[in-house]
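This document opens with one chain alone, in C-alpha coordinates, the form predicted alone.
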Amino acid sequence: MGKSPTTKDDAQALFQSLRSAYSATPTNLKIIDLYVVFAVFTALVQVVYMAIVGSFPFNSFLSGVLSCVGTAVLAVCLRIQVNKENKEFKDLPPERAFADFVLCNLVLHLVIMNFLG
(Lines give C-alpha, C1' and ligand atoms only; values in the text may rest on other atoms or scores of the structure.)
Protein backbone atom coordinates (compact mmCIF):
# COMPACT_ATOMS: atom_id res chain seq x y z
CA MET A 1 0.00 0.00 0.00
CA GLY A 2 1.07 3.56 -0.66
CA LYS A 3 1.98 5.87 2.12
CA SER A 4 -0.79 8.34 2.93
CA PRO A 5 0.14 12.00 3.28
CA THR A 6 0.62 13.15 6.82
CA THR A 7 -0.88 16.17 8.49
CA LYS A 8 2.47 17.92 8.28
CA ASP A 9 2.56 17.43 4.50
CA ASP A 10 -0.98 18.74 4.21
CA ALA A 11 -0.14 21.80 6.29
CA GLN A 12 2.96 22.49 4.20
CA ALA A 13 0.95 22.19 1.00
CA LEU A 14 -1.70 24.52 2.40
CA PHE A 15 0.86 27.16 3.42
CA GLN A 16 2.60 26.87 0.03
CA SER A 17 -0.73 27.37 -1.73
CA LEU A 18 -1.61 30.38 0.44
CA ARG A 19 1.83 31.92 -0.09
CA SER A 20 1.64 31.55 -3.87
CA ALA A 21 -1.90 32.97 -3.97
CA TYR A 22 -0.98 35.89 -1.69
CA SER A 23 2.06 36.77 -3.80
CA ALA A 24 -0.34 37.80 -6.57
CA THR A 25 -2.11 40.26 -4.24
CA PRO A 26 -1.59 43.93 -5.16
CA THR A 27 0.74 45.97 -2.95
CA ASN A 28 -1.95 48.38 -1.72
CA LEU A 29 -3.97 45.45 -0.35
CA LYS A 30 -0.85 44.04 1.34
CA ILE A 31 -0.30 47.40 3.05
CA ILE A 32 -3.89 47.38 4.31
CA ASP A 33 -3.41 43.80 5.54
CA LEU A 34 -0.30 44.87 7.43
CA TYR A 35 -2.25 47.73 9.02
CA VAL A 36 -4.99 45.31 10.13
CA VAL A 37 -2.42 42.93 11.63
CA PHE A 38 -0.80 45.86 13.47
CA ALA A 39 -4.16 47.03 14.87
CA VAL A 40 -5.09 43.54 16.08
CA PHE A 41 -1.60 43.02 17.55
CA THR A 42 -1.90 46.33 19.42
CA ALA A 43 -5.26 45.24 20.85
CA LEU A 44 -3.75 41.94 21.97
CA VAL A 45 -0.84 43.74 23.64
CA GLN A 46 -3.33 45.91 25.53
CA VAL A 47 -5.29 42.86 26.69
CA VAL A 48 -2.11 41.11 27.88
CA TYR A 49 -1.01 44.28 29.65
CA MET A 50 -4.41 44.52 31.36
CA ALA A 51 -4.18 40.87 32.43
CA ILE A 52 -0.72 41.40 33.94
CA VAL A 53 -1.04 44.86 35.49
CA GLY A 54 -4.76 45.18 36.09
CA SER A 55 -7.58 47.26 34.71
CA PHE A 56 -7.85 50.12 37.17
CA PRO A 57 -8.89 52.78 34.66
CA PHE A 58 -11.25 50.37 32.88
CA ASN A 59 -12.56 53.12 30.57
CA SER A 60 -9.04 53.62 29.22
CA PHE A 61 -8.54 49.91 28.62
CA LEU A 62 -11.91 49.56 26.93
CA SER A 63 -11.33 52.64 24.80
CA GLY A 64 -7.92 51.45 23.67
CA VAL A 65 -9.08 47.97 22.72
CA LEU A 66 -12.25 49.19 21.00
CA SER A 67 -10.20 51.77 19.10
CA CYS A 68 -7.87 49.07 17.79
CA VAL A 69 -10.64 46.63 16.94
CA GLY A 70 -12.79 49.34 15.33
CA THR A 71 -9.88 50.57 13.26
CA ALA A 72 -9.14 47.02 12.13
CA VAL A 73 -12.77 46.48 11.10
CA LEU A 74 -12.82 49.74 9.16
CA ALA A 75 -9.55 48.77 7.45
CA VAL A 76 -11.03 45.43 6.43
CA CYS A 77 -13.99 47.31 4.95
CA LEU A 78 -11.55 49.55 3.07
CA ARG A 79 -9.75 46.46 1.76
CA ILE A 80 -13.01 44.99 0.52
CA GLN A 81 -13.95 48.22 -1.27
CA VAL A 82 -10.51 48.81 -2.83
CA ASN A 83 -10.06 45.23 -4.08
CA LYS A 84 -10.35 45.22 -7.88
CA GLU A 85 -11.56 41.60 -7.92
CA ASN A 86 -14.62 42.50 -5.86
CA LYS A 87 -17.42 43.08 -8.36
CA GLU A 88 -19.81 44.56 -5.80
CA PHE A 89 -17.80 47.79 -5.46
CA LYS A 90 -16.53 48.10 -9.03
CA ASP A 91 -18.19 51.52 -9.52
CA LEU A 92 -16.76 52.93 -6.29
CA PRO A 93 -13.50 54.83 -6.85
CA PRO A 94 -10.67 54.07 -4.40
CA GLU A 95 -10.53 57.73 -3.38
CA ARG A 96 -14.15 57.58 -2.22
CA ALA A 97 -13.48 54.38 -0.28
CA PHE A 98 -10.49 56.01 1.42
CA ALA A 99 -12.53 59.13 2.23
CA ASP A 100 -15.21 56.90 3.82
CA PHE A 101 -12.47 55.15 5.81
CA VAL A 102 -11.03 58.43 7.08
CA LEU A 103 -14.46 59.86 7.97
CA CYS A 104 -15.53 56.71 9.81
CA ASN A 105 -12.21 56.62 11.68
CA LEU A 106 -12.73 60.23 12.69
CA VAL A 107 -16.21 59.46 14.03
CA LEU A 108 -14.94 56.32 15.78
CA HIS A 109 -12.17 58.16 17.55
CA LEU A 110 -14.42 61.07 18.51
CA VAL A 111 -16.76 58.59 20.18
CA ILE A 112 -13.84 56.88 21.90
CA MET A 113 -12.45 60.19 23.16
CA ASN A 114 -15.93 61.04 24.46
CA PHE A 115 -16.09 57.67 26.23
CA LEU A 116 -12.80 58.37 27.98
CA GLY A 117 -14.44 61.31 29.69
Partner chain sequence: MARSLGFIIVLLAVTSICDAVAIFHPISESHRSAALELFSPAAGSFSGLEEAYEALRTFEVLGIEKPDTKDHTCNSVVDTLSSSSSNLKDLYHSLRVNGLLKCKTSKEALTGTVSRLKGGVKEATTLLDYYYSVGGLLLVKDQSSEVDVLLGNADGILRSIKALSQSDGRWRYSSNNPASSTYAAGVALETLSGVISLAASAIDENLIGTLKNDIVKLFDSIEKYDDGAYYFDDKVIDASGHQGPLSATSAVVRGLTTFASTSGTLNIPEEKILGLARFFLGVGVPGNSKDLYYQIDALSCLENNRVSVPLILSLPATVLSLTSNDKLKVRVNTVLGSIAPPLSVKLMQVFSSGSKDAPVLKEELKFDPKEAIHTMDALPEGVDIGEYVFAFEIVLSDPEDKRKYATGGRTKVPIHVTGVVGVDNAKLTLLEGDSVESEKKLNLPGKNDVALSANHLQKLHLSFLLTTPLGKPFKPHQALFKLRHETGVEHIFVVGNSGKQFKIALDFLGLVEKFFYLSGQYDIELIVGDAAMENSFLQPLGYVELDLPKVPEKATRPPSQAVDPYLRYGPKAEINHIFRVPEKRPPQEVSFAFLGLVFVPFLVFLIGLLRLGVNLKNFPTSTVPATFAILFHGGIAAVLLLYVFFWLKLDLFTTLKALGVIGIFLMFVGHSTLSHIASVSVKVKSA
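Numbering follows the first chain given and starts at 1. If you're wondering where the values come from, they're calculated on a predicted model, not measured in any experiment.
Below, we turn to the form predicted in complex with the partner chain, even though it does not appear here.
Among heavy atoms of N114, some come within 4.5 Å of the partner chain in the predicted complex.
Among heavy atoms of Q81, none comes within 4.5 Å of the partner chain in the predicted complex. Using a 4.5 angstroms threshold between heavy atoms, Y35 counts as touching the partner chain in the predicted complex. None of the heavy atoms of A11 is located within 4.5 Å of the partner chain in the predicted complex. Contact residues in stretch 31-45 (any heavy atom within 4.5 Å of the partner chain, taken in the predicted complex) are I31, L34, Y35, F38, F41, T42, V45.
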